[in-house]
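In structure tokens, one chain follows: the form predicted on its own.
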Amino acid sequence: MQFTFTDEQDMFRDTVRELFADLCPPEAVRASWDNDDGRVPGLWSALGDMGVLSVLAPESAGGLGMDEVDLVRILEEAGYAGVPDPLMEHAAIAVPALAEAGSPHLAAALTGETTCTVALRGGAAVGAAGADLVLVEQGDALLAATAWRMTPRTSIDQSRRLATILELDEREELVGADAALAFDRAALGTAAQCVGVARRLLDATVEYVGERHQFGKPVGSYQAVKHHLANVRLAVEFAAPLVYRAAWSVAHPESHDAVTRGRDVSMAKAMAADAVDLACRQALQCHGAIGYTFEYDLQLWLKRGWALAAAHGDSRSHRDRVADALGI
């Protein structure tokens, strides 16, 4: 097992980071709350042109032929930027499932001409109103539909527009796609985004307490504030390697069985969910009253962090899964 990322993986991450900084600044995330489709104009096509949407598709099908280890830090950057588009659902779950099934929908998904989302284990679908294809878990099967009926759901994070899929009108079974693997990819991708959100909250809070003065001194110079932020840093630095390890487990099925893969993914999601929850609470504490205001950008990441912490299983459910895998 390789414990470091390659220069190529670092370069890919840095390039996507620059793209997000350019096309998805906080004002673009905020605008997605109120626009018609909840998306950032121009971002999806740029991700398609860069190949981000096709990372997990084989080269023979027109993809980049990469794996979850290559994608995991891209999703971390998506969390850091607060990307409202259903990038994780599309690139980390739908694309590999369509590839495994040899679906004719794959080609359009790789370029971004088609936007995919997912509804797994009865959960809500992100961005279903603006999607062209939805993958729904039904028993042990994954179904792909181009037409469906749904009901919108309220989300604390209005840039993650949720809907319950009620009925699939035009569907096909994705024979060859693994529903259990799709769920593990969803939990892994969510964990990676949690780490990114936690890092963003920590960076924003460190900057704020360095600028904000009380009694003639920066707030960040007080020991209690330092302890709060040090605890967040520890939580993030412990969670991130588990997320990377889980990505390796998903990417290398030949090395272990599905139970072990699920154990690694669930440990990563539990730790990442706890880390982002702590980051949210301490960021709000250190910012004081301004952290509660709608006008201040902190609320964008607070709401995203709490929404992701619960998505695709909260920390308690994933710890139960780890315990089951260990026979405890």
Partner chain sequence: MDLELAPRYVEFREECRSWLDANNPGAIASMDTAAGFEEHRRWERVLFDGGWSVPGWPAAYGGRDCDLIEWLIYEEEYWLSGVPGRVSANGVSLLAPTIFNFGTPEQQDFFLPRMASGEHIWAQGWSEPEAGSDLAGIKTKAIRDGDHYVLNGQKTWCSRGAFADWIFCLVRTDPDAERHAGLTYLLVPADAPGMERRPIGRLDGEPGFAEIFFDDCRVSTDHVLGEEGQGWAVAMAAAGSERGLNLRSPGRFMAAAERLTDLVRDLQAQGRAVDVRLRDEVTDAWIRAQAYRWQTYMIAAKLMDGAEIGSEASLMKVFWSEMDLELHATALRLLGEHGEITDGNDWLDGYVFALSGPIYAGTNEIQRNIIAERVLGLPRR
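Residue numbers count along the first chain shown, from 1. Everything numeric in this text was worked out from a predicted model, so none of it was measured.
Beyond what is shown, the protein has a form predicted in complex with the partner chain; the following relates to that form.
- Highlighted residues 141, 260 and 285: none comes within 4.5 Å of the partner chain in the model of the complex, counting any heavy atom.
- Taking the partner from the other structure, the partner chain in the model of the complex has a heavy atom within 4.5 Å of a heavy atom of residue 221.
- Using a 4.5 Å cutoff between non-hydrogen atoms, residue 158 does not count as a contact of the partner chain in the model of the complex.
- Within 4.5 Å of any heavy atom of the partner chain in the model of the complex lies no heavy atom of residue 102.
- At least one heavy atom of residue 324 is located within 4.5 Å of the partner chain in the model of the complex.
- Residue heavy atoms within 4.5 Å of the partner chain in the model of the complex occur in exactly one stretch of 234-242, 148-156, 185-193, 81-89, and that stretch is 234-242.
- The contact with the partner chain in the model of the complex, taken as any heavy atom within 4.5 Å, belongs to 229 out of 107, 129, 168, 229.
- Scanning 51-70 for heavy atoms within 4.5 Å of the partner chain in the model of the complex gives just one residue, 69.
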